[in-house]
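Just the one chain here, laid out as structure tokens, in the form predicted alone.
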């Protein structure tokens, strides 16, 4: 009888401990760390990403898998030299369960290192540097946006299809820019074109006159440019002011005109770009997203908002699969990698390397809208060079 009583007490104790754990688990908030630019040329992009992420959570009652969330945010200043220290503040001081960042590719590379060193889930909501889901790929690393290769390769294909025989490229001299022009060259030259020369401007310099003068002298059929944010506004305006828009066709990956059309005004009209999203994508999913975003923030969303929104969807898919227990990291990450994301851009899945496999649209700048006029390349997967998970 004594043995039975002891056993009964043990069972009650275990049950009580389980209930206590469940209660604590339910009370704990999921800690989300935003490491994004909130100052400088990319500030508007960081805000749009955060807005998009929070919109999805708000649409789901402000919770993920019935757990409250708590946000931590840090201005990364688009400065790679501060990125390791900044990321460690979110991971070690704030104990975040997931890192969301960043826009600048150099910062994203540092984030990837910190995430791998500390076994924290990272979702990159913009930076397209290939190594994140290439040579540095890992089970805890994901991207909700694109790879640089995807956006520029598709534009190279389009430029050749438009009959352009020669081209030059202009970008900042940094890793994302170099990857963009290499991918454009691949797409363009595979289809019969020839890139005459790559021109660079030091980051974050926005004095383009000397470079534009050099391009004008060479007289290529087309110029491919990669800039974003405030720099994209000034580049497009300078290009038109120099009169080059009348003699040399300007192409870009979509960031050249995304979120910038109102500021660029007439200078941007008619520019063709390729991207995985277009403002005027007329689908019920995108229309509902745009209405919800505009109602919440009194702003029109852009591709950065979509990428933030989808980062939230991806993480939510993982959290749901583990019933809110974010400590089950392996199961959470497998669920993210297996999910089909119902994105405003069109549904997509992730590659084994963690990068979206998605359609790339051909868009034309019309008024304040990047109007979708076709699909440049359908279901384009990044080659993920160097990724050992393939």
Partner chain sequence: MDLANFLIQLLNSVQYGLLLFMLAAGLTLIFGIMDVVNLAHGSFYMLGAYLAYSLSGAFDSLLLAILVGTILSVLFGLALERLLFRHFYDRDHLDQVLLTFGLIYIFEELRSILWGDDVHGAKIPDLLSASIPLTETMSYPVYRLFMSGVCIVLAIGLYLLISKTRLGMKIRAGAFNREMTESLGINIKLIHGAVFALGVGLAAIAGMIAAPISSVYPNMGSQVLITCFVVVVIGGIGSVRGALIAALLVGLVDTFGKVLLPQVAGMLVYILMAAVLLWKPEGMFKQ
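Residue numbers count along the first chain shown, from 1. Note that this is a predicted model, so its numbers are computed, not measured. Between two forms, the rigid core is the largest collection of C-alphas that superpose within 1.5 Å.
The same protein has a further form, the form predicted together with the partner chain, not shown here; the description that follows concerns it.
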Even though the partner chain is not shown here, does residue 221 get within 4.5 Å of it in the model of the complex, heavy atoms only?
-> no
Proximity of residue 77 to the partner chain in the model of the complex, heavy atoms at 4.5 Å | no
Is residue 206 close enough to the partner chain in the model of the complex to count, meaning some heavy atom within 4.5 Å?
-> yes
Answer yes if any heavy atom of residue 346 is within 4.5 Å of a heavy atom of the partner chain in the model of the complex; otherwise answer no.
-> no
Note which of 84, 196, 288, 241 lies within 4.5 Å of the partner chain in the model of the complex, where distance is taken over heavy atoms; exactly one does.
-> 241
State the residue from 269, 296, 213, 92 whose non-hydrogen atoms include one within 4.5 Å of the partner chain in the model of the complex.
-> 213
Are 200, 217 and 230 jointly within 4.5 Å of the partner chain in the model of the complex, each by at least one heavy atom?
-> yes
Segment assignment from 233 to 241, 142 to 150, 121 to 129, 98 to 106: heavy atom within 4.5 Å of the partner chain in the model of the complex = 233 to 241
Does residue 282 move its CA by 2 angstroms or more between the shown form and the other one when the core is aligned?
-> no
Superpose the two forms on their rigid core, then report whether the C-alpha of residue 230 is displaced by 2 angstroms or more between the shown form and the other one.
-> yes
Core-aligned C-alpha movement of residue 319 between the shown form and the other one, 2 Å or more | no
